[in-house]
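Consider the single chain below, provided in structure tokens and representing the form predicted on its own.
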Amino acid sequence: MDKSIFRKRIKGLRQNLARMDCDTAWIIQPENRRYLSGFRAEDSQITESSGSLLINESQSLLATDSRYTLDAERDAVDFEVQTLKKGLMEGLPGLLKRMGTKNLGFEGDYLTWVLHRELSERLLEDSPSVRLMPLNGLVEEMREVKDEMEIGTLEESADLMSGILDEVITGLGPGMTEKQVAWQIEGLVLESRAEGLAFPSIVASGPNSALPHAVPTDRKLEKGAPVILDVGLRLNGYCSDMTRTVFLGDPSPDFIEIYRTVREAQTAALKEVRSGVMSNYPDAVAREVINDAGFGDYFGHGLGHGVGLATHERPRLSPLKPTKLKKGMVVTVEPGIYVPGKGGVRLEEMVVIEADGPRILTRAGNFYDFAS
């Protein structure tokens, strides 16, 4: 990866910090950390961090421990790596003094209450002049619009996942269990050049397909019943996310109607995923199609979400917190209908917004063309 991209991102962050009167940003959220520095280490859980970025007008530090020192020096070439021998809370006040920090911006959506309290107490004792202030999604907002490198990597990620899903769909047969299919997906992903799954695969058949985030079970696939496959992988840090609903044999008339409605809603919404459109509008278009068909009570989630270093990131295609869509955003379009006790259908494409509209990045599986 061209390391100059990180210098460009740091410059943008510094400009944003100046506008909000914050002199130092403290970054611990793994995707934000990787976006700004290239540091690839992941956190095993939210209470264990592999490193912190400290960025002000003239300095870029990466504070970590001895487990990650070599990784940090290899990945984050524009950062001065500081190995903290006594832990973050012991070492952070000294680093802030060295940087002349007065207003420390933290990630309010990610920092735990316990760590915030511990840091507040430590600063009160060692650096009483330092004020904590939330960054209010500053880096997440920067990540919304992807650059050419990111779009290219996301396209590769989607293409790789599409090929794997094609292979899986071709081999599906009655009697296979949801777990067996999920294991096959994971095995093919691990055998590919991907880093791994972007999220645990959803394989949901029959009545289980009425659960939008179903966990694979020992249920066997049956002829005529829907099978939802929601899958994604991570390639060079960037995620793919796609969903297909397939039938082994001929579905019932009810499921033909449900599938046709979901596909119509998706097609209508895709036409409205354009630069300058508010993010809640494509959702409203898809929701109207589903409502008009009589299934409005069975579409409970938003139409889609941004995809990048995280599977779910800004912007959201939903009725909540609308924002203006922009060229370079990569989002999913995934309407669904889920009838409790019966089953459901979801179809998901991953698209990049270009000057003349959306370009679909996912390609697996032919859609059913059920005659009206």
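Counting begins at 1, following the sequence as shown. Not measured: the values here are computed from a predicted model.
Just so it is clear, the following notes concern the form predicted in complex with another copy of the chain, a form of the same protein that is not shown.
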Problem - Proximity of R34 to another copy of the chain in the predicted bound form, heavy atoms at 4.5 Å - result: no
Handout entry: Contact flag, F106 vs another copy of the chain in the predicted bound form, heavy atom cut 4.5 Å
Key = yes
Handout entry: Contact of L211 with another copy of the chain in the predicted bound form (heavy atom, 4.5 Å)
Key = yes
Handout entry: Distance check, D71 to another copy of the chain in the predicted bound form, heavy atom within 4.5 Å
Key = yes
Problem - Candidate site R9, R14 and R274: all three near another copy of the chain in the predicted bound form by heavy atom within 4.5 Å - result: no
Handout entry: Listed residue that, although another copy of the chain is not shown, lies within 4.5 Å of it in the predicted bound form (heavy atoms), from L138, I290, L248, L111
Key = L111
Problem - Among the candidates K220, K97, H116, K223, the residue which, in the predicted bound form, approaches another copy of the chain to within 4.5 Å (heavy atoms) - result: H116
Handout entry: Stretch in contact in the predicted bound form with another copy of the chain, which is absent here, among 266-274, 152-160, 97-105, 175-183 (heavy atoms within 4.5 Å)
Key = 175-183
Problem - Sequence-ordered list of residues in 282-314 near another copy of the chain in the predicted bound form, where near means a heavy atom within 4.5 Å - result: G300, H301, H312
